[in-house]
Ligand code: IMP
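Below you will find one chain, with nothing else, as structure tokens; this is the form predicted on its own, and questions on how it binds or moves follow later.
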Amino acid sequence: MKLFFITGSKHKFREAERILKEYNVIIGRKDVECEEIRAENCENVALDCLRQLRSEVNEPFFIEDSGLFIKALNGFPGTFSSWVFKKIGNEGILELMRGKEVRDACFVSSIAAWDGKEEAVLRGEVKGYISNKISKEKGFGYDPIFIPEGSRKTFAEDHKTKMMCSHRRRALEKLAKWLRR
């Protein structure tokens, strides 16, 4: 089955394409605008966009919404992660974290999928913490400041670990299993 990933992000698309190819799922990319609702969790954002676009997209497709939820900031930036990154970036997050001893964080990826008959919402997450400084390695989004549990390196510093345990990988693996049901 071929399905479309509705995303404006080339980074997310390439990551999803690589992961889903391991499961023999071929995807295409469509960049269709969707007005995102304000919500506390990524699942509601993704599902609302899916339902908005079902009448516009005539093939099976999925949408992904992700967020970085930082415990010391009461879950901020959460579902506003993309907007916050554009406004203050990693530098701003580290400024907000200055003096915080508890640096626990969680990356969440929620996928809302439509196979032409049914819809599903699938969630992946990875726990970790926020580093004290920005990694010099280039990475996508918050990767230069997020260290997954069990590691001493950020996702930007250890791309191999990111590819094996990222929140998006975990959600995409669930998507591949759901498509095979």
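For every residue, the number given is its place in the sequence shown, counted from 1. What you see is a predicted model; the values in this text were computed from it and never measured.
Unshown form predicted in complex with inosinic acid (IMP); subsequent notes refer to it.
- This chain is displayed without inosinic acid (IMP), yet in the model of the complex the stretch 140-148 from 114-122, 140-148, 27-35, 53-61 comes within 4.5 Å of it by heavy atoms.
- Not displayed here, inosinic acid (IMP) is kept clear of residue 170 by more than 4.5 Å at the level of heavy atoms in the model of the complex.
- Residue 76 falls outside the set of residues with a heavy atom inside 4.5 Å of inosinic acid (IMP) in the model of the complex.
- Interface residue remark: residue 154 is not counted as part of the site for inosinic acid (IMP) in the model of the complex, having no heavy atom within 4.5 Å.
- Contact annotation for residue 66: at least one heavy atom lies within 4.5 Å of inosinic acid (IMP) in the model of the complex.
- Heavy atoms closer than or equal to 4.5 Å to inosinic acid (IMP) in the model of the complex belong, across 71-93, to the residues 81, 82, 85, ordered by sequence position.
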